[in-house]
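Take a look at this single chain, the form predicted alone, given in structure tokens.
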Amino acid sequence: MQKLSINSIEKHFCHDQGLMQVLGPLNLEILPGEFVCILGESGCGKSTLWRILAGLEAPSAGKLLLDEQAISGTDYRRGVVFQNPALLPWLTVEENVALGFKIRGKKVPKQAVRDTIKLVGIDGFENVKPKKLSGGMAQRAAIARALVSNPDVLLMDEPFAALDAVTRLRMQEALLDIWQRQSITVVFITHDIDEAMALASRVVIMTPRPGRIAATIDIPLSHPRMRADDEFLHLRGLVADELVKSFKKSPDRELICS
């Protein structure tokens, strides 16, 4: 496993009157094996940061390091899971999970594909197409697709946001099981305090635009976590308080003149 370092990352977008800063400067180190939840209100730049981490978008300034080596663009050391499963409807579950190998022109390791499908709990559905899957099963297939290449870091952008409450709880438990069994580093974007508290070993709270780090809070609770326990509720209160404080830490949303 390798450390992921975010060094002075910024992101600017064009505006009629100039450039608007939507992210940063932002510095963060994510240690091997951590489960880091990045928490903030809608529009604070969480998904923009995720896209930069995934290599789907370039930062306007700063750099990313993986194992002290600068990285840019996409690669299979970083597995990505989107808000929606984004499965190709004409392919089976097994074919969707193996898609990355085919795109790269690599031989598909069929046993590894089937083992990963089993890991995420949808074995028996290898030959089923996405339209016959429930939302939770489709997202499990998307997680398998991200994991099958044995990435160093799993990057997840609100992957359970579209699921019903019960399925969301089940998927959180399934993800924790995968994280513990695989000892993988996870960066998980969410705007849900309870979700962050249930999953994270560390919560990173972002300010409203431009998104910057307002606070980081370690969550030293073992799994499974009992959400009604006093310690859980105490830490949840700390996270909620820091989230409220983050609104006041947001700089003015001025334009950067071109």
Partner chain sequence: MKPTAILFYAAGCFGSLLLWWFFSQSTDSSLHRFNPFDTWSALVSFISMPKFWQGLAESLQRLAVGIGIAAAIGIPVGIVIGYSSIVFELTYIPFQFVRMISPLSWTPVAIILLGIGSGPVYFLVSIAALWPIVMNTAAGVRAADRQWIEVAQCLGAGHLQTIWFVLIRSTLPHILVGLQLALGVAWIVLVPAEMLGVASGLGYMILDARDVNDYASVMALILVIGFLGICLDLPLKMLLRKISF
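Positions refer to the first chain, counted from 1. Every value quoted in this text rests on a predicted model; they were computed, and no experiment measured them.
Beyond the structure shown, there is the form predicted in complex with the partner chain, which is absent from this document and is the topic of what follows.
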With the partner left out of view, is V80 within 4.5 angstroms of the partner chain in the model of the complex by any non-hydrogen atom? yes
P89 versus the partner chain, in the model of the complex: is there a non-hydrogen atom within 4.5 Å? yes
Heavy atom of L99 within 4.5 Å of the partner chain in the model of the complex: yes
Applying a 4.5 Å heavy atom distance criterion, does Y76 contact the partner chain in the model of the complex? yes
Report the residue, out of L56, L28, I193, A215, that has at least one non-hydrogen atom within 4.5 angstroms of the partner chain in the model of the complex. L56
Heavy atom within 4.5 Å of the partner chain in the model of the complex: which of R181, K118, K110, K131? K131
Pick the stretch from 101-109, 120-128, 162-170, 184-192 whose residues have a heavy atom within 4.5 Å of the partner chain in the model of the complex. 101-109
Would the partner chain be touched by all three of R51, N84 and R145 in the model of the complex, meaning a heavy atom each within 4.5 Å? yes
